[in-house]
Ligand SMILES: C[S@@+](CC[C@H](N)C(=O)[O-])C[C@H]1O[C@@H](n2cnc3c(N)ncnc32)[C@H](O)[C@@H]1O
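Heads up, the chain below is alone and in the form predicted on its own; it's given as structure tokens.
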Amino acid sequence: MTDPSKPDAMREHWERTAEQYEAEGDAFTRQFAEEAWRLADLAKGAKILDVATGVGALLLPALRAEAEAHAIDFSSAMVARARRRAAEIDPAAAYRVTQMDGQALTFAQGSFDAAFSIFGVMLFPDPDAGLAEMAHVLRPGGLAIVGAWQSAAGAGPALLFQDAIATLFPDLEFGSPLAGRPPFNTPERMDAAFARAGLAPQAVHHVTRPWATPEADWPRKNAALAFGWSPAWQALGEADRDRVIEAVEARLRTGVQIEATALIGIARKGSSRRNWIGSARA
């Protein structure tokens, strides 16, 4: 079993699941990306960078708002999908989506008015390096906008699997996809991460959105995407995995409503003023 905390294994995971993510995960995460874009409140024509764009959840609303949007991701499969979707809005934008390591950006210093990373930099092997790179490519006064899950277990169906494993196998630790990384899941931790990158915290918003309850067979079809990173899941044999899946399927048949909360943090390059703190709920 590959270790998803290692860069090559993480890249392999996203290469393998990109198609599935576009079909299943993007509809959920783009709600938070769209809110992050709204909260940034950038002027028309702003030059922005989307770090770890995935299939373009933040890139697409930026393009629709007529920003000069650039995007990077370390997964070639994600880049291909983001390029295709960007081209449907602006054919020229596809050429601004690039395969690149977010911990080693090749853009010039001061290139962008804003840099976003929605559920991206939090998963980097070295999140602090990713934030420092975002700060480097911002112009003075530019904004960094970062999204991270409030729960260390992630979001969506992973929360149901965490509950099922805790009930069926209480001695197993479900774990976190953020293991070994500086956590961003409180305003204080988010602010501290910005400060380590030389950025001045401006605001942290708690944003809650629903995850549309899927068909009951969703967990069996999407295990690798939703919770395959969990050490507990990796430790289970096939029979015990079936027990977990059956428990989650039973919860879904009750019509359980799944919600997730993300922190959307905003910081400014070269400013010490903290403007506001807010929350948004569906």
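We number the residues from 1 along the sequence you see. Being a predicted model, the structure only gives us computed values, none of them experimental.
Below, we turn to the form predicted in complex with this ligand, even though it does not appear here.
| query | Taking this ligand in the predicted complex as the reference, which of F161, F119, F112, F194 has a non-hydrogen atom within 4.5 Å? | reply | Comparing distances to this ligand in the predicted complex, the residue within 4.5 Å is F119.
| request: Using heavy atoms only and a 4.5 Å cut-off, determine which of L138, I145, A148, M78 is in contact with this ligand in the predicted complex. | output: Looking at the other structure, the residue within range turns out to be M78.
| Just one of 60-68, 237-245, 46-54, 250-258 has heavy atoms within 4.5 Å of this ligand in the predicted complex; which? | Flagged stretch: 46-54.
| request: Examine F124 and determine whether its closest non-hydrogen atom to this ligand in the predicted complex is within 4.5 angstroms. | output: Close contact exists here: in the predicted complex, F124 approaches this ligand to within 4.5 Å, heavy atoms only.
| Does any heavy atom of S230 come within 4.5 Å of a heavy atom of this ligand in the predicted complex? | Contact check for S230: no, nothing within 4.5 Å of this ligand in the predicted complex.
| message | Is G102 part of the interface with this ligand in the predicted complex - any heavy atom within 4.5 Å? | response | Flag for G102 set to yes.
| request: May I ask you to check whether I72 falls inside a 4.5 Å heavy atom distance of this ligand in the predicted complex? | output: Judged by the heavy-atom cut-off of 4.5 Å, I72 is in contact with this ligand in the predicted complex.
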